[in-house]
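Single chain ahead, written as structure tokens, the form predicted alone.
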Amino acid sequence: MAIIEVFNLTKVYTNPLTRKQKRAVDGISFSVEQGQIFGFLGPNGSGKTTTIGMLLDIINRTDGEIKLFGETNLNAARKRIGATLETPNFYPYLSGYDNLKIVAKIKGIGEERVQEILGIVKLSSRQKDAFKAYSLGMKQRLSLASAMLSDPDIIILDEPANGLDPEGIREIREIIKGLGRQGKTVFLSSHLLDEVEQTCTHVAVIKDGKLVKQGSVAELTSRNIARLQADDMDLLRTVLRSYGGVLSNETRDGAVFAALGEGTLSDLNRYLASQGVYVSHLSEARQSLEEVFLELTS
């Protein structure tokens, strides 16, 4: 079941002085299924934060349609969403517990849930400490706790691990994966592509406000890549360029990596041999999400 659906979503900003228009988000359409951990990726200025703002009704959309839980009545649907933006917004001199208690009171949630959620984000032992004394990782975990407080069906996170050390990143990753195991849907924006690859089940990539790719992480990283080495690497590269089944090739780490549009490694090997190129190494190489991202956005 698709619980986030976006159709032709568009946001146009107009400069009040020059009247020049900029399409920050340009007619994108995508869907997120229940239980997915969905990464929303793109270079700086690609429209990620603007899209999140429109989903949360912080930013008015210029055109397009948003459906949440199959409904266009977004005011009711948004009550089932928890969200945190990149910079946590808490009272610095209040404790973590007191900050969450204020959020709970606004949302009509009992204090027992505050204690429960502090345990989930591993802040129980530091709940009485002032927010200003927290490390960046602890602040991010408290922000996650605030988003999770009402037990929402969708959690939207903007750069949840930004600026954290490896231990802090791992802690955020485990919390997000735990939400997925509970059947929650997580929609997150992040620049940490290696972390997205480890955490997310599905991704969408946007560039200059336009959607360029959407699919499961497994699909996007399963592209057929051949890793080759030969005594005469220059001849190998020349012959690869003449093979119709190779979409592109690049040299790194002493080997040639060839993206195959069709055919198998055996087909490629037979062709190379017919052209007098005998490889000393030929194997399948998996493409990382970072490599896919750079191909799509560069």
Partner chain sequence: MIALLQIELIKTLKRRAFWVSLGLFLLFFLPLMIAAFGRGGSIEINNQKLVSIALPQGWGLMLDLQGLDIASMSRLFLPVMVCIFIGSEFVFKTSRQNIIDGLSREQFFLAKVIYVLFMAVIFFVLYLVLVFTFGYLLIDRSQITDAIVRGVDVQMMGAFFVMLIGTGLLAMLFGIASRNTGTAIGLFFFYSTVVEQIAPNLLRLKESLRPIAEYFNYLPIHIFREIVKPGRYDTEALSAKFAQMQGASATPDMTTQTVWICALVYLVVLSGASYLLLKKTDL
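Rigid core (definition): largest C-alpha set, two forms, superposition within 1.5 Å. Positions refer to the first chain, counted from 1. In this text the structure is predicted, and so the values were computed from the model without any measurement.
This next part talks about the form predicted together with its partner chain, which is not shown.
If the criterion is a non-hydrogen atom within 4.5 angstroms, does every one of Thr238, Arg241 and Leu289 touch its partner chain in the model of the complex? None of them does, since no heavy atom lies within 4.5 Å of the partner.
Which residue among Arg170, Lys122, Lys107, Arg113 has a heavy atom within 4.5 angstroms of its partner chain in the model of the complex? The residue from Arg170, Lys122, Lys107, Arg113 that makes the contact is Lys107.
Of the options Leu247, Met233, Leu265, Ile59, which one has a non-hydrogen atom that comes within 4.5 Å of its partner chain in the model of the complex? Looking at Leu247, Met233, Leu265, Ile59 one by one, just Ile59 meets the 4.5 Å heavy-atom criterion.
Wondering, does Ile154 line up within 4.5 Å of its partner chain in the model of the complex on heavy atoms? Residue-level check for Ile154: no, no contact with its partner chain.
Whether Met138 contacts its partner chain in the model of the complex should be assessed with a 4.5 Å heavy atom distance threshold; does it? Flag for Met138 set to no.
Should Asp98 be classed as touching its partner chain in the model of the complex when contacts are defined as heavy atoms within 4.5 Å? Output for Asp98 is yes: heavy atoms within 4.5 Å of its partner chain.
In the model of the complex, does Leu220 come within 4.5 Å of its partner chain, counting heavy atoms only? Contact with its partner chain, no.
Which among 50-58, 22-30, 253-261, 35-43 is in contact with its partner chain in the model of the complex, heavy atoms within 4.5 angstroms? One stretch meets the cut-off, namely 50-58.
Can you tell me which bits of 126-153 touch its partner chain in the model of the complex, meaning any heavy atom within 4.5 Å? Contacting residue: only Ser146.
With both forms fitted on the core, check whether the Cα of Ala204 differs by 2 Å or more between this form and the one not shown. It does not, since the Ala204 C-alpha is displaced less than 2 Å between this form and the one not shown after the core fit.
Lys105: CA shift of at least 2 Å between this form and the one not shown after core fit? Moves: yes, 2 Å or greater.
Gly96: CA shift of at least 2 Å between this form and the one not shown after core fit? After core superposition, the displacement of the Gly96 C-alpha between this form and the one not shown reaches the 2 Å mark, so yes.
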